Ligand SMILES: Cc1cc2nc3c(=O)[nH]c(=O)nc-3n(C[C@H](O)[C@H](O)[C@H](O)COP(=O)(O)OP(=O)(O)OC[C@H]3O[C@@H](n4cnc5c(N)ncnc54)[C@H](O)[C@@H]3O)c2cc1C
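Quick heads-up: it's one chain on its own, the form predicted on its own, in structure tokens.
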């Protein structure tokens, strides 16, 4: 039996869920339950895995357990981009083929999610608005955005080059020099999407929220899990806990947890919206993901700022730290939108992303009755969704050709031991931020 002492923490700060109607979580696990399958983690990966298991094995019983409430952990705290393209593409043949593989996986995930949104009428502001990949500085345009455009052309992907006054008119701010617009990205409220997926599961899936695993016995023919008020015995397990996988005894020394901070303004009124040119909703990813700023103008006229991504092994952030970041986000917002001097930040929150050194996911079979889907490298809407679907197909022995695409991504590489790891990551981050300082 392994005691699970490192648990996710819900700080009740998630702005995406704060702007939604109140939702009643499914009951916590109480007493003992037997099942054919148990899925741990009700984020994008776990929800997709549970639903696909239900489709593959309609006679089986499936338990899905979540430490907190659906939509309150990492899946509901991201920036709400369903990205169908790699951010930056290499021009070599192998790199282009890797990009095609990424697109097959991502677009399958988006088609799947779009079908769930349509079939179950999930109200999450699902919008095929596309996205802008933009640079602030001429150097960023030359070294990142222009090569990105050339390599998308090599992939025969549709794109529009936009710069100067035309870009400012689309975004409502003149802050960016140039951007590549691609039409395939989906924008949404990620907390609403996660809630909707959780509330529309098939009949043979039982979801228990607010049921963190505190003990796990994974060494025998049966999986045995303990929560604060209940126990589970299941024949098979799919682990979808991302950066918390080492607590279960898997991928230790292979996962890098990062904190990502975001803020959301109050809604703009009609006059403020007119100052921006009555623009439509848009999403923007920066030329440099660590130094730059991810931004959105939402369907309900809010502006999202996501900035300040840093290495965070503790996977904890204080309220005081968030207050400091909220002030910094407001400063960055005012630089980009000086025409909106009275708009304030209504919500600031932290989400945790799980990176791997070589960008490979922790996907596949871990033991005769255990499979995993972790390490989505900050593209959780698409990567986690497709990984969950394929983990379920792999576990059921279904011959899905996309499994080969997923396996071709490799396995997470080993990291140096701490404290050398911490020193190396901090030094690399400092260099990255200094090198791309013009993109802030």
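Numbering follows the first chain given and starts at 1. Remember, predicted model here, so these are calculated numbers, not experimental data.
Same protein, other form: the form predicted in complex with the ligand, not shown, and the subject of what follows.
Trainee: With the ligand left out of view, choose which of 295, 207, 178, 213 has a non-hydrogen atom within 4.5 angstroms of it in the model of the complex.
Mentor: The residue in contact is 213.
Trainee: Can you pick the one in 379, 28, 402, 396 that has a heavy atom within 4.5 Å of the ligand in the model of the complex?
Mentor: The option sitting close enough to the partner is 379.
Trainee: If contact means any heavy atom within 4.5 Å, which of 340-348, 319-327, 244-252, 122-130 contacts the ligand in the model of the complex?
Mentor: Result of the contact check: 244-252.
Trainee: Taking the ligand as it sits in the model of the complex, is residue 74 in contact with it (heavy atom to heavy atom, 4.5 Å or less)?
Mentor: Contact with the ligand, yes.
Trainee: Within a 4.5 Å heavy atom cut-off, is residue 353 in contact with the ligand in the model of the complex?
Mentor: Flag for residue 353 set to yes.
Trainee: Spell out, yes or no, whether the shortest heavy atom distance between residue 436 and the ligand in the model of the complex is within 4.5 Å.
Mentor: Although the ligand is absent here, residue 436 would stay clear of it in the model of the complex, with no heavy atoms inside 4.5 Å.
Trainee: Taking the ligand as it sits in the model of the complex, is residue 167 in contact with it (heavy atom to heavy atom, 4.5 Å or less)?
Mentor: No, residue 167 is distant from the partner.
Trainee: Can we say 4, 67 and 240 each have a non-hydrogen atom within 4.5 Å of the ligand in the model of the complex?
Mentor: So, yes: the whole triplet contacts the ligand.
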